[in-house]
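Quick heads-up: the structure tokens below are two forms of one chain, split into structure 1 and structure 2.
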Structure 1
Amino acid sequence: MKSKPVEKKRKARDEESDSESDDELGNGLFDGVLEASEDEEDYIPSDEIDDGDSESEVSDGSEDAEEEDEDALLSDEIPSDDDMGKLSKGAEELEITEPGVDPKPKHQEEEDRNYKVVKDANGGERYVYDEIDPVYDSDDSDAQGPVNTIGDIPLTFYDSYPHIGYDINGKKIMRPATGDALQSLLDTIEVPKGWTGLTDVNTGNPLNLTQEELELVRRVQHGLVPDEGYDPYPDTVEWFTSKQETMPLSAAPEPKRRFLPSKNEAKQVMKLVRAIREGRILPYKPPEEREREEEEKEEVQFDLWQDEEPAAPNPMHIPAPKLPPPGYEMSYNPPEEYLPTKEEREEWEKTDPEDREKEFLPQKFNSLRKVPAWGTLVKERFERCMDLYLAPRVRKNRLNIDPNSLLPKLPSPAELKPFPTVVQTIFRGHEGTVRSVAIDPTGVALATGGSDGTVRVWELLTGRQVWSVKLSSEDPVYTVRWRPTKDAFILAASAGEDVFLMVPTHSSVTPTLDQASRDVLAAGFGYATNGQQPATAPGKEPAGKWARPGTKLEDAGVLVRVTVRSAVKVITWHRRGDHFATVSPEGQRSSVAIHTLSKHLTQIPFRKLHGLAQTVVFHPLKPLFFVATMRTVRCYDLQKVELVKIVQPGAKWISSLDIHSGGDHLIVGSYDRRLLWHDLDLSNRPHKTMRFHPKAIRAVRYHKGGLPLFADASDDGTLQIFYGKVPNDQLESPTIVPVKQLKGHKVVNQVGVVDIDWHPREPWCVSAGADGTARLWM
């Protein structure tokens, strides 16, 4: 029997262990994890027994009763009848389960069991076991506490709950107990070792640092290297002092014999070379190797393949072609559109097997288990093998061709000069957009027309303005064009519905040339006075009214005004200078008009025009007249008065048109950013389509002086210069090479370069832009 002091000591130790575990592990569930054996409970050190005797004895009435019962059972006295009744009653409660093991009372055994006996639905017994608590069952002192598994969720989400998360088993991790304000104040005053004042995000407990971490923080705060064993200032290694360099002893120049070959040595070497070639000097060989070579020379060998003739190389093994992968029609559950109808099935059954497109009909099954075996499988495999056996297969080598070799070999732009590259002169003076430019046939004067309603004449090389006139205060000057002959100095310009013919003042114009120009314009008035004009139907507006513009304009040099039915946008002269054509896109049937200068006569050549006219041009050699509508270009013969050809560029909206000086080639510019080259002798379709601009092309122009150049102007503010050589041989194709992109004009309101014209002799061009300037490019 154990003494009372021992029991009290053990009970006090258990209470201390309980309090320590509560402090370390918080509110973790560790019920029944650590169990001590009876031997460990009975073992008590002697020093603890001695200490326990000095302590005060405090016991309950129940403990005294238990001790008296134990003393009575262990005494040598003969028990009385009452004691025997008690013993027999206690023995009935004990049940022996295993021999050699002390019996346990029934109620204690029931408490130790981890299951319960319940009745099932049939009235039988059923064992229900307790749920296993998956906790850490080990005496390891380094075991970690429950890890919070809430991830990146802030702990503030759990402020209204008694727990702060869940462990790996899904059990709640209770919030650690927090003391009162006084305890917090004491904790801050008495700072424990490793205290940081921070809280662990995952567990909510105070975050303490280890000795190594505190040392690392201290070194960082003092500006020291975190690693204690690292030396930031090691001793230098005197490498150069330990190495001895070989230096020249003198600065004298090297003798010539060091870098010139010796002639005597060369003679000796050549003697050795000749001896080796003649066989007088042989390399050393061991005696065994010499004997073996002599034996091989004595042996007679025969070449089995000396009479073999070269044969054609046999084809290498070629793998059999693979069968195509199955399609939807081969599925056991194909879509409804792949299933044949009743009529298709009957037609397929009536067709001969050789004529059928497919060897089977698609069928639909609910599951793969219901699909029957394919009846003609063996036959198909046999035919497949026969095809592979009988069908000849030849390996075809792939062509190893460089893709760059397939591209046409174009000459270098440096070989195609001359062509304009830089801007030489900028003509400023117009207010608003400069809509048209033109260089006179002599190449000394430049005429421009702008949105301000004025026409200005400049010296081409100096950029000096020499003449100007304001034609209209409301309508802009859309186009200006010089008369192409050199016998007169006449300029035509359009403003609104009026076309003005004028003789500008220029330093190159002599009095004789000026008078000749005025006589050409005045000759038509005498022709009209003689009554030779064609009669106009009563009540119908004439196609054009020829009149003098007024005293003010006449004094400025504007001599004739021709008024048509709608605003004129395009003026084109015939090569002889007696006829010019105008285009009014809004004029419907009367949009195209041909004017005769010598007769002051205006005619409408078309009774009905297919589409809206955009521009017109005369053929440079033949009596042909080209009219461009929005999508097509029609060629008419003015002598036979008939349609000759319809050219279809394929553009959505044609903007400009020009003909090569040879008369067989045509370029078309469109608002859909395409430049099209047509060979009129080959086809009605474009010979070449070029796209070099991101915006619309406003104007295209060939060089009329014999140089193989042409250019286009775009709304992106650039000009593209091309080298376009037309060969004399009709079997050769023209050479078209882009050589230069000229940039300088600014884009205003999404409008860039509006018009372009070439010098009659030099490789120079002039451009008109929406930025109010005209530029000469050389």
Structure 2
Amino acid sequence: MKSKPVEKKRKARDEESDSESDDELGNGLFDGVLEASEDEEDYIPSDEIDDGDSESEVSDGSEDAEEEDEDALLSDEIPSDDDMGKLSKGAEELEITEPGVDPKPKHQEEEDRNYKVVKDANGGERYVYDEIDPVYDSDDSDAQGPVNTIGDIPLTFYDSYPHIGYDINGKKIMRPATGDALQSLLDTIEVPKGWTGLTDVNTGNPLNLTQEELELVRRVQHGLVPDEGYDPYPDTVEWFTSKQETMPLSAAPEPKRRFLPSKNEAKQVMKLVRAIREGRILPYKPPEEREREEEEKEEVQFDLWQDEEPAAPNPMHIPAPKLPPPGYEMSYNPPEEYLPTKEEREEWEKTDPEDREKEFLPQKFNSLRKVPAWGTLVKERFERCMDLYLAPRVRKNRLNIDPNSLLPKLPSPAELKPFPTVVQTIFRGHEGTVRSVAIDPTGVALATGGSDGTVRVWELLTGRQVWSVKLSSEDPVYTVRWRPTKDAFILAASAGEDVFLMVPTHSSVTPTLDQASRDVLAAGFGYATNGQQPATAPGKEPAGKWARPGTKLEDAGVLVRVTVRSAVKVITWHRRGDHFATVSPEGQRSSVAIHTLSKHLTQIPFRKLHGLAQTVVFHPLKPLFFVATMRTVRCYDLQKVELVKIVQPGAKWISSLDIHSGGDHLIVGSYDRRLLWHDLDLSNRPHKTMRFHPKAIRAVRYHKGGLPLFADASDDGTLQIFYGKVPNDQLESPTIVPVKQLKGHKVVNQVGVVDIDWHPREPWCVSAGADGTARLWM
């Protein structure tokens, strides 16, 4: 079936090529018809055609006839008219032209030439070239259809003619058929049912298509599934459901994911939840509403300058310096004295222009009109501009602060007098270091203890030694302390493990006082003999052994010896004079002992101590007891037997401690060179830390007689006197001013001043030095 149309087509092509070589007459018309016929032929067997020429037409040919018309109508105005005609004729001529014979053979010899030679009006030869027939897909865009050449005249002129003008070759362009004519033509043609206007290539009969076939074509053309009954979206069949099947398809156990909530999903959900919470995902709103909202948002406008006040002119703006006003010498007619002399002129001319004082010489002119133009005007302006450009006219904001104003306001030391300033008496006599000094409560006698094992009592003002005793030949006397009451004259001193209590009776002590003191010391022996000493565990050394020191010492006035377990370094009296505490830093748990004088009783108050005890002090008013270990100061209530407070001075190794007579302030000296003032009510941390010494601080002491003074003693051989006023108002902080550094002690073996004590009333202090002297400063 197929071979026949191909053959037929071949035949038709041959004919076609013949017709192409035809002369121009009727060429335009026939072309279209031939082509149309060709289209019809090519329609069905398009897949078999391998000739490149006809391929382009295939797509067009697949269109319906009506659509082809429309295309033609759209593509060109004028040829479309012809097409209409062709369509109608084409159907008729299809049978006529196919077998028909063409007049082409007559012009066989002229086939090679594409021009004709005609005679022009003058009788000369004129070559008339063939019309170049652009094939359908030719690049020649110039080839228009027949163009009306009548010019710019109304078409109404041709209303009475069948044509509407002439083409370039002078041929009439026929009036296209009007709508009425076309309609009437179409009406005359009876279109049979299923008519397609195509010829069945197999049979040669007109190709009629049934309704089903047309529908199929339509579906294909619309890109639908050709089969009408096919449903592309069928309902799903749940082959696998969550329902428990009685007979499941698979015997596999149900996977975990079926019943475990998915972590991944939870994550995703949480992501969404978080996004919703954070406002990244907003609930749906109709677009118009959203738009409206956005518009509302946009409507909020801020007035940036609503609070703006008129600012002062830019402070950085500095006007360029003004030029000085012209003087007399600049005048065109200056007074004579401004005119340069000859020497001046010569000198001016000699000097370099840059070194000249003035860049001009005054000149005299009779009248202003004789003044020449200023020769260097441009240069001058340029230089001035350069100056303005290059000179950095920036106001530098220098920080103008008086360094002294940054210092805290401290009262001048001169206003804080009295305080000790110079050494006034030197107490010389000890061999080796003077370890300790103490002024008796009346302020008349000074007691010192030294490394030579002696205790000495001196007249304070004159420096006269009035009494002395040698307590030990090996151990130094570490500390001497007066009993702080005036009813007796008792001195406590420690040497080694022994604490000696003595009545340093020199001649100016009245027998009554002497006897009273002896009675105070002797009172406890009754207790001891009455067996009221607390029983100590058998085999255990008692905390303290009270005994008489032997006749030799007793004759000298040393009446009681208390022996504790290890060497005593510190003695502190309670203010009433009945108790005193000793510290023996090496003594482990028994390092702190409290002794009761009236009962000759020694107690060890602490079962355990946190660190090595360094020094202790009694609170001046309350039953509190401060124990300084190496790093902390602990405050104990002696009545309730409990820890009240832990003060942390922050020092690495506390050396000394003293409490203000008001009881609320504490000073701590440390071997790491610091002096720390504590306000006990305020904080456990130091209120003030002072470093005034390059070496360790050995002793600190408040003035106990009402003067706002305290002092420290350091290994650098100096004492630092401070003014330390504790205000009556609890809210105010104490005033602490260093007022004087007292120098004088010599440093021996890196030890300077070891101990210090204040006079009970006056602003005088006594220091004990490693150079073997004690010094009174006033």
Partner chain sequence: MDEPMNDAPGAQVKVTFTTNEVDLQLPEEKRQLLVPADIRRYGLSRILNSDLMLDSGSIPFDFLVNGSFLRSSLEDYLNSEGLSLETNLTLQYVRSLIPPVFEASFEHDDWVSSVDVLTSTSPAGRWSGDSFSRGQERVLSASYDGLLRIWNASGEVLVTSPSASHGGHSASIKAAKFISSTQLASTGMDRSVRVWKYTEPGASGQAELKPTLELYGHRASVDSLEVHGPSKRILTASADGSVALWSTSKSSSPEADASLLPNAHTSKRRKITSSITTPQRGPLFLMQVHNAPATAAIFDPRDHTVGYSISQDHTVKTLDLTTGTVVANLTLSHSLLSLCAIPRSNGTTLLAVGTSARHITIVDPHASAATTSVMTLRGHTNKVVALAANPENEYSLVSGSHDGTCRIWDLRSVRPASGGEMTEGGMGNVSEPVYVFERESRQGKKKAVAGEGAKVFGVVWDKELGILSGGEDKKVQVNRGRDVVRE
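Take the two forms, find the largest set of C-alpha atoms that superpose within 1.5 Å, and that set is the rigid core. Numbering for residues begins at 1 and runs along the sequence of structure 1. The model shown is predicted, which means the values in this text are computed figures rather than measured ones.
Working note: structure 1 is the copy from the form predicted on its own; the remaining copy is not. With the core held fixed between structures 1 and 2, residue 695 has its Cα displaced by under 2 Å.
Residue 653 is not among the residues whose C-alpha shifts by 2 Å or more between structures 1 and 2 once the rigid core is aligned; its shift stays under 2 Å. Core-superposed comparison between structures 1 and 2: the C-alpha position of residue 606 differs by less than 2 Å. Shown is the Cα shift of residue 406 between structures 1 and 2 after rigid core superposition, which amounts to 4.1 Å.
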